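One chain is shown next in structure tokens, namely the form predicted on its own.
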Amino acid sequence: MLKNFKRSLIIVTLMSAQANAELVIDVQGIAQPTPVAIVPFGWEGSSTDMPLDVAAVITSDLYRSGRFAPIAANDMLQKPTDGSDVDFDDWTILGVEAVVVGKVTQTGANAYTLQFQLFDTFRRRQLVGYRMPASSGTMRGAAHRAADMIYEKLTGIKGVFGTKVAYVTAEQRGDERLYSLIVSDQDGENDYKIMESKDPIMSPAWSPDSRQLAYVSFEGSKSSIFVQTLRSGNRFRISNKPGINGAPAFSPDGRKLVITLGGVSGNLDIYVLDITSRQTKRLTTHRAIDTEGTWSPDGRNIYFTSDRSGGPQVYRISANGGTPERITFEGSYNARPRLSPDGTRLAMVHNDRGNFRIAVMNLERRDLMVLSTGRQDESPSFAPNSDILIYATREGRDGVLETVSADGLIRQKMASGRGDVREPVWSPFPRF
């Protein structure tokens, strides 16, 4: 077991033959999702068709959440585009508990207004009414924002449809294997390459403002940590010390990274690196392997994996240094810790009777819940609402991304069209 742990830290796992950034999503939701209706949006513009089917995007978002069952447009008894035309009797007959109506209006050359209203059909009242500007390029994002507002109003949980996901793929082209760092919307749309290399890429990590990604690249046959700005594509090497440079994670204020350094001896320890000054501070000095650091949301502590007790377990240490405290005790293997953004839960890879699965620990009660069902699940990452996790697993020879709700009730499989997809990480909420 420890041998596998060490190997996964130092050597990049080889990926299978081909990969495609497009994600196909299969949803397994709760037993009785809430019936809702998203009426086809009206369109007022110079062309025949609106730039995007906004209602279809919102419908897809709510369906993929696993909590809602949108009815088909053909089953609707009416299709209003304004709240004043909603007949609540028609919707209650269908058993629909909430209805969304709206329209897109062209206001200029490549300028539009998206407006929508959400109604509680049983209480016969409006829950949300909103309008926002958009262009043809930002229309999908606006639709996701609308879905986020609808989702939050109906569930009390902040929606994450407007967030993004980063992940690593590998593609075999002739005799060469190309590695790519991909960013997409959380539904797999609008995917684009941030980085492509013949050398392995691993451990992507978002900055708190979602504008940058840190990652490890093995360019030149050695590990280095880079930080890359998404909008411009500019990147800089932040750590290129002798030996191993790995596992970067941004501090909550975005000014520092927690990283793993091995030095020429190869013994891995946790360091904090100041991004501006490039100065490092060593936090652990044990002869054991200490790696995979991640910050607590308040920035006061760092959680990391260590085998100092004889097998991989999660420890916590003050960001200023000190004596590490062991956090996990259930089972012989607990690694790759990740904190929920609200700071209440700790996700990890847990050995569940010989299977490596994603588990979540309630930090107050210290109870552990296994969420995934695969045999080689890894790389858990919380959504910014702390309610969902994304992780990597395997299906045959292919890499697959899955999401699961923090209570284990809702699951999605996000399979690429082909090949391998690994190391997903969910972005923070966008800052508009």
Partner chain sequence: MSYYKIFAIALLGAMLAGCQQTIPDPDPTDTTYGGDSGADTSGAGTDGLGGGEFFDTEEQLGDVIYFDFDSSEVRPQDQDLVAGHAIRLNDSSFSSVRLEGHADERGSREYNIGLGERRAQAVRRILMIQGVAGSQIQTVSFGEERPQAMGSSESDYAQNRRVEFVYSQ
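Numbering follows the first chain given and starts at 1. Predicted model only: the values in this text are computed from it and were never measured.
As for the form predicted together with the partner chain, it is not shown, yet the points below apply to it.
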Sort through 86-94, 272-280, 290-298, 182-190 and report the only stretch with a non-hydrogen atom within 4.5 Å of the partner chain in the predicted bound form. 290-298
Note: exactly one of 211, 164, 345, 177 sits with a heavy atom within 4.5 Å of the partner chain in the predicted bound form, namely 177
Note which of 142, 360, 335, 257 lies within 4.5 Å of the partner chain in the predicted bound form, where distance is taken over heavy atoms; exactly one does. 335
Site check 200, 203 and 376: each within 4.5 Å of the partner chain in the predicted bound form by heavy atom: yes
Would you classify residue 352 as touching the partner chain in the predicted bound form, given a 4.5 Å non-hydrogen atom cut-off? no
Do residue 221 and the partner chain come within 4.5 Å of each other in the predicted bound form, heavy atoms counted? yes
Is residue 307 part of the interface with the partner chain in the predicted bound form - any heavy atom within 4.5 Å? yes
I'd like to know if residue 268 sits close to the partner chain in the predicted bound form, meaning any non-hydrogen atom pair within 4.5 angstroms. yes
When the partner chain is considered in the predicted bound form, the residues of 93-126 having a heavy atom within 4.5 Å of it are none
